[in-house]
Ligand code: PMP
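One chain comes next, on its own, written as structure tokens: the form predicted on its own.
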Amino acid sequence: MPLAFQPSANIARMKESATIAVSAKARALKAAGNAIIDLGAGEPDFDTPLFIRNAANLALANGATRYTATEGIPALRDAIAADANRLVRDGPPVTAAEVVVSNGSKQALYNACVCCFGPGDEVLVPTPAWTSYYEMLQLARATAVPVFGDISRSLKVTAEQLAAAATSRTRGLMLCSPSNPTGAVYTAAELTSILTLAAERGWWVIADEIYLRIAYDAPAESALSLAPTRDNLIVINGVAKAYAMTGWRIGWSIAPIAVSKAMTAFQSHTTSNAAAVSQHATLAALTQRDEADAAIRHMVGEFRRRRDAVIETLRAFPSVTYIYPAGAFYLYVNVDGFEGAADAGGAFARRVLEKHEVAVVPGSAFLTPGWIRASYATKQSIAVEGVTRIARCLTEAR
């Protein structure tokens, strides 16, 4: 008789990634012949730039097919440090010893959570936030403490709110700017205030900067530029979003050396090194700066045109409330009260998929059930049509 599977206590409360689930459902519906507009995926629709792909081919031809050091090949860690030093304004330069290369920024985030937090620790999470933060902290056996932003500030939180939510058990906080899911971008003053509070309280700051280079109205600020000290700072980045390299699975952390050593040891027992050929491709992305900067400018320019187009579309629906997306490639729309459901975002996501053939992510994934997230990382005409259907579905119900 087959052994009945009972999830261990480690994962008993873990939830499936809502963003991945939405994309999987959209793909299944498309495969069944439905004309689904998928605005659920958080993935650039551009090909990886040719010079990066060529570098990968060359690396393969030269034998980049074996294990590397767990923390990454030395040349890549040097390049990551050099790239980070373009952002550092004060204090010592970032060194390769502070860098750990991982299998995507998601692994870097998880490494940081496991190595810095544990049972009894509380971690402040400005909310709404990317769904995996809450699950990673739970898997680290820490407690995520949501701190909800106000709509008048584009759902961003303040240092005062974080201080009010803190207890004697607070050990850190998660930051993401530009934000997934809202697209909001923290100003230099807002980030400085939060980073100063964390330094004064001795909290770890895990700054997820994967969307840093995707900002439209002004450059997004890095914690590396503003933090009063890097002694409590862990910066996470990677090539998935800005370089259109989601499938290459390369991310990294920049942290105090003792933390980086701990994360390297932890990673050595989970995945070991990131794929060798992907590391060499990333090395080209970071060192061939002229080509990379040109490719990023092109992609961000296209994202901005799409952002402007969907915002213009929504002007025809003045009753629709949303967060102005200054960065990333998401539109966060308020659907509170839809069908009178407690999970209004979930109810709306089902209705707009079934009746209007548009896939979106319900806000409950980000602990804000009165909202939905739509991605405009797709062709402009598709994004505009999808947002038009979302707005019609919402206004029809009001």
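On a predicted model such as this, the values are computed, not experimentally measured, just so you know. Note that residue numbering begins at 1 and tracks the sequence as displayed.
The same protein has a further form, the form predicted in complex with the ligand, not shown here; the description that follows concerns it.
Partner proximity in the predicted complex, defined as non-hydrogen atoms within 4.5 angstroms of the ligand, places exactly one of 234 to 242, 313 to 321, 156 to 164, 285 to 293 at the interface: 234 to 242. Proximity to the ligand in the predicted complex, defined as a heavy atom within 4.5 Å, holds among S253, N180, Q267, S278 only for N180.
Here is the short version: of T170, T127, S105, T192, the single residue with a heavy atom within 4.5 Å of the ligand in the predicted complex is S105.
None of the heavy atoms of E71 is located within 4.5 Å of the ligand in the predicted complex. Under a 4.5 angstroms non-hydrogen atom cutoff, the ligand in the predicted complex lacks F303 among its neighbouring residues.
In the predicted complex, no heavy atom of R213 sits within 4.5 Å of the ligand. Although the partner is absent from this view, R230 stays clear of the ligand in the predicted complex, with no non-hydrogen atom inside 4.5 angstroms.
Residues of 316 to 343 placing a heavy atom within 4.5 Å of the ligand in the predicted complex: Y330 alone.
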